[in-house]
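Just the one chain here, laid out as C-alpha cells, in the form predicted alone.
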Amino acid sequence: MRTMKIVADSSANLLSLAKIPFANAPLKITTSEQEFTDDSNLDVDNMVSFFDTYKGKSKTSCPNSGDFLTAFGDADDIICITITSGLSGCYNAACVAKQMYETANPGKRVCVIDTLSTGPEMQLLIEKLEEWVSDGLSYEEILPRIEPYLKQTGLAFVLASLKNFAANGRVSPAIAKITGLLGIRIVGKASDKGTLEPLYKCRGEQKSLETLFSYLKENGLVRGKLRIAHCQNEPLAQALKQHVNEQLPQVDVKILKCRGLCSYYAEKGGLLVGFEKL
C-alpha cells in the first residue's frame, strides 16, 4: 500500500496533523543581530518583541531543496504546498526537491502547489487534503480537486504596520509610512497573482473589523470555514469570531496564532484570515 504525506513550508502555521503524516520546511528571518528559524523551537512572542524595537535591516529566506527533501521523508506520494511565489522562492525550491526526489526514488511522486497565498488560506487547503486522504481518496483522485478548491478560498488581512513588507520591497514605503499613524490600519487581500493588495485604509480597530467583515461577506463568506491567524491580537480575533457567529452562524470559525514567518509579515496586532467562498 502506497503511503501519502502532506508537506508545507512554515508559513502555513502548522507543525503537525492529527490524521495523516505531515511535515513542514522552515523559513528563516534574518537580521544583523539575530536569525530566527520558523520551526517548533521558535519563541514567536520573543521574536515579535525583538522586532518591536529593532531598527535595522531584515529579510526572509526560503527553505532550500535539502530542507524540502528532509520534509518529504520516504513517502510514496507527496503533496507539497507552498507560500505564494509572489512573496517567496519556496515554490521554486520545492520544485527542485521534487525533481531530485523523483529521480532518486523511481515510482515515487511529488506534486508541488503554489497556493498564491499564505497562512490560514494554506491551512484551509491542508485541512481539505487531510479530509480527502482520510476519506480514502487516492493521489490520482485528489490532485484534480486542488485547483478548483483553491478557487473557492481567499485570504484577507488587517495590518497595523507594513514596516517589514516595505523593508522587503513588498509594498511601497509611502503606503507603509501611513499605516499605524493615527490608528490607521490597512485592510486588504491576497491578489490573484499572489501579491499583497491593500484595499482600504481604516482608522481604529473597530472600523477595520467592520470593513473586514463586510469584505468577507461581499466575497462569498456564507457558510463553510473561516480561519483567523493573529499576531498578538487575540481580542480582535475573538471580536471577529463573535461577529461572524452572530451574523453567519453556519460558518465554522477557528482562531490560531501566527508562527514565525506570518508574525514577521503580519507584525504585532495583525490578522490574517482564510475563508471559504461557499
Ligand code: X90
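Everything numeric in this text was worked out from a predicted model, so none of it was measured. Position 1 is the first residue in the sequence shown; the rest follow in order.
The discussion below concerns the form predicted in complex with the ligand, not included here.
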Seminar exercise, completed: Testing 44-52, 236-244, 213-221, 60-68 against the ligand in the predicted bound form with a 4.5 Å heavy atom criterion leaves exactly one stretch, namely 60-68
For this session: Verify the contact flag for residue 25: yes if a non-hydrogen atom of it lies within 4.5 Å of a non-hydrogen atom of the ligand in the predicted bound form, no if not.
Result: no
Exercise. Should residue 83 be classed as touching the ligand in the predicted bound form when contacts are defined as heavy atoms within 4.5 Å?
Worked result: yes
Exercise. Is there a heavy atom of residue 126 lying 4.5 Å or less from a heavy atom of the ligand in the predicted bound form?
Worked result: no
Problem set entry | Interface membership of residue 208, the ligand in the predicted bound form, 4.5 Å heavy atom rule | no
Problem set entry | Candidate from 133, 150, 196, 160 lying within 4.5 Å of the ligand in the predicted bound form - any heavy atom | 196
Exercise. Should the three residues 88, 266 and 272 be counted as contacting the ligand in the predicted bound form, with contact defined as a heavy atom within 4.5 Å for each?
Worked result: yes
For this session: Select from 228-255 the residues with a non-hydrogen atom within 4.5 Å of the ligand in the predicted bound form and write them out in sequence order.
Result: none
